[in-house]
Ligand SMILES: Cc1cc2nc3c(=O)[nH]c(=O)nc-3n(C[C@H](O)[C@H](O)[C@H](O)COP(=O)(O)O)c2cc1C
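A single chain, nothing else alongside it, follows as structure tokens in the form predicted alone.
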């Protein structure tokens, strides 16, 4: 039975993060169900110069990820399709990642708004007690945002801010390495093996001294 990971992309800035997560999951041979919010389409266009269109989603996704999707196990669900598979708890999935997670998406999921398929799918995975990783990127945050993140934590989600670590590459870290660090932490939370960053061994300080 096919059991994909649901990847929800909201409209917050940070489109390199979902691209890195999607590429890593596909490289690991994982199946993916993708939901891109309407606001996320504008962000993708703004940050990459590439459109994301329902009718041409596979070509647009391949261009965004920089890979051939011919053999990739990817299903795309429009954000407005509340009758889609991931809207039901009986639809078999492994869990979900919302990356990046805007303050609006976090709020909607936390209060059960089900404004669109992204919010509905996240709520379904929480109620089914499946892994849910929420990756907020916006900063600074208000009290209400913090309260929504606490509510998501209490509901069982992993709140994983897009906070890259520098110990793998230090001051010479490239933007791609910093993105991969966050993507790797997301895959760690899902239990999916990867080689996206150099893990801390306790020997770095000795090597540099």
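Please read these numbers as outputs of a predicted model, since none were measured by experiment. Residue numbers count along the first chain shown, from 1.
Keep in mind the form predicted in complex with the ligand is missing from the figure; the text below concerns it.
Trainee: At 4.5 Å between heavy atoms, is residue 115 in contact with the ligand in the predicted bound form?
Mentor: Result yes; residue 115 sits at the interface with the ligand in the predicted bound form.
Trainee: Taking any heavy atom pair closer than or equal to 4.5 Å as contact, tell me whether residue 16 reaches the ligand in the predicted bound form.
Mentor: Judged by the heavy-atom cut-off of 4.5 Å, residue 16 is well away from the ligand in the predicted bound form.
Trainee: At 4.5 Å between heavy atoms, is residue 42 in contact with the ligand in the predicted bound form?
Mentor: Residue-level check for residue 42: yes, a contact with the ligand.
Trainee: Evaluate residue 87 for contact with the ligand in the predicted bound form, applying a 4.5 angstroms cut-off between non-hydrogen atoms, and reply yes or no.
Mentor: Residue 87 lies outside the contact set for the ligand.
Trainee: Pick from 175-183, 63-71, 159-167, 137-145: which stretch has a heavy atom within 4.5 Å of the ligand in the predicted bound form?
Mentor: Flagged stretch: 137-145.
Trainee: Spell it out for me: taking the ligand in the predicted bound form, does every residue among 12, 37 and 104 have a heavy atom no farther than 4.5 Å from it?
Mentor: Yes: 12, 37 and 104 each sit within 4.5 Å of the ligand in the predicted bound form.
Trainee: Considering only 68-88, what residues come within 4.5 Å of the ligand in the predicted bound form, judged by heavy atoms?
Mentor: The stretch does not touch the partner at all.
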